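Below, in structure tokens: the form predicted on its own, a single chain.
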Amino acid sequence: MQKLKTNFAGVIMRNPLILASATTGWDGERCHQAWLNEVGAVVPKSFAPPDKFAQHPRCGRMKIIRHGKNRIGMVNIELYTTMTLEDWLKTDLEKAYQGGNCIIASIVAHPNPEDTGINARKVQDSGRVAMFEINVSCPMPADQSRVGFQMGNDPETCYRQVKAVKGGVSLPVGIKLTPTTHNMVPMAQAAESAGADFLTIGNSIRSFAGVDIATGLPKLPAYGGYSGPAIKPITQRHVAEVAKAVKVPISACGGVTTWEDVIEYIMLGATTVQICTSIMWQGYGHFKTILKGLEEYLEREKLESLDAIRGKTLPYITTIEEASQRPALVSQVAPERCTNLKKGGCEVCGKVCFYGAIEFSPRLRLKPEHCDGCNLCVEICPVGALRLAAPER
């Protein structure tokens, strides 16, 4: 476990895994349970929301999204903490802190940034938190107060929130940015220029849970936040773009289910990785499963720490324009693996080729002169018999 020790914005954590701010950290006891299961740090549910947002619906507020029997995501219409800041300060922060828990306090950004700073100061005075994460990314509220993701889409607002909290506390301060945006970089750069010590990317994505076609009713009665495995590609795009544009460390949050997901995010530039939905589905013990995978990975690759791979992928990410100038590749088949060439029957790849580069007469025959190098046949082949390569001469 020593190899997983992580320096995040000056705070030393026993590993890079963080419990994200959500249901799993709704009170002090739940935060403590995560710590007992070896997480590196815990972000409790966001503190001190405006009163009208203090209560989330209690008539069913989560809907798992499935593809067949597989869980691919979840929509929730949950809001901030349901406890007052005073309750946290009197009792639950102390419960959460048991055993020396590394607590990152999530503070709801208020319309007046000075109010955000005042709340942060109160929490710092408890002596039980290690750093702050300003929440400008909750995807639910959409009224005139602009609390939540609407704030997170405005660089000036992000700047002012960070500046206000930095002016009120001495601990490291970060900001949790919203993935419900076409370009996160301006907000990230504004936060960095205001003195942010780290960035969290991102939150759940503003979404809709679907329709019950038997009744015509919505599966959830309001717009919510989409989380889980399906959002990982979206969050990874934001992490990579921001990592190229700022120097402050990043905590990646979105779609982490396995230790491989953690490695991917670190290779894209993240220092820590926050996890929520997979913990909600599998329990706090899932942290230990992920940590075991990370430890075995470091041993297998003979790495002393995850620092060795941080940002490894970034130099290889380019533009579509540049990629389109690279030499053309075409599909090639490994006969010893292809089901059709060995015994016939399978024609899966032919159904997905829209360029006329695959035909069956009756066995598979590739027509490289028609191949457009899209790679879909390679992705769809159930036995991995196809690959893209330079055309044979």
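Please read these numbers as outputs of a predicted model, since none were measured by experiment. So that there is no doubt, residue numbering starts at 1 and follows the sequence shown.
This protein has a second form, the form predicted in complex with a small molecule, left out of what is shown; the following refers to that one.
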Would the small molecule be touched by all three of 46, 62 and 231 in the predicted bound form, meaning a heavy atom each within 4.5 Å? yes
Option touching the small molecule, based on a heavy atom within 4.5 Å in the predicted bound form, out of 97, 159, 80, 287: 80
With the partner omitted here, the residue among 109, 275, 187, 199 that in the predicted bound form has a heavy atom within 4.5 Å of the small molecule is 275
Looking at the partner-bound form in the predicted bound form, is residue 135 within 4.5 Å of the small molecule by any heavy atom? yes
Under a 4.5 Å heavy atom criterion, is residue 175 part of the interface with the small molecule in the predicted bound form? no
Residue 85: touches the small molecule in the predicted bound form, heavy atom cutoff 4.5 angstroms: no
Find out whether any non-hydrogen atom of residue 280 is located within 4.5 angstroms of the small molecule in the predicted bound form, and reply yes or no. yes
The small molecule isn't shown here, but in the predicted bound form, which of 288-296, 319-327, 253-261, 111-119 has heavy atoms within 4.5 Å of it? 253-261
